[in-house]
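There is one chain below, alone, in structure tokens, taken in the form predicted alone.
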């Protein structure tokens, strides 16, 4: 039985309390196991192209579609906090902390909780990778996600998102045949509709050139080869100091 997030928004202590008031905020959920330069590149591109006031990094307690994670939740939060140091528009939230009963965390419920905290004039986005978009039809209430928060998708070179309509959850379809191209082609904006006629925007950031596999990165950390170029040095130091992934 799924448990909805409570009002434990819990942006890291010290972050601004007015985070969601009248601001353009992107929810960026994931394992962050570990956080790496690809995550930072995606967040920076979204911040620039969508004119975001804040990107909210949200380590997930338990992902429904993944079995087992390499690092404990507390370590993943700590590593993410370290990774975003020096980025004043980035914050960490613990709204997706593990449930006491070990129930999975669902993005739809988390977005609903965040929407309840948005004041008038604010706007919530949901930032994800192309792999998440391709799996959206397997998500709990996946067809509702675009209507809970405007979606931003970061795709890597060679990732097949075309034809885009085939990857949408059942009940959603494209309302246009071609996207609107903005920012000299660095941003593509599609319009999608559901069976009830509701319309939502889907933003795609094409061709981000930081292709990092978390699984391969953990292997590189274990072998001591190649991880230095793929994550902030302070994160790697935390991993070594705490014996993570060994």
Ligand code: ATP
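Residue numbers count along the first chain shown, from 1. Predicted model only: the values in this text are computed from it and were never measured.
In what follows, reference is made to the form predicted together with this ligand, a form of this protein that is not presented.
- Although the partner is absent from this view, residue 162 stays clear of this ligand in the predicted bound form, with no non-hydrogen atom inside 4.5 angstroms.
- By the criterion of a heavy atom within 4.5 Å, residue 221 is excluded from the residues contacting this ligand in the predicted bound form.
- By the criterion of a heavy atom within 4.5 Å, residue 212 is counted among the residues contacting this ligand in the predicted bound form.
- Contact check for residue 156: a heavy atom falls within 4.5 Å of this ligand in the predicted bound form.
- Heavy atoms within 4.5 Å of this ligand in the predicted bound form belong, among the stretches 102 to 110, 83 to 91, 142 to 150, 121 to 129, to residues of 121 to 129.
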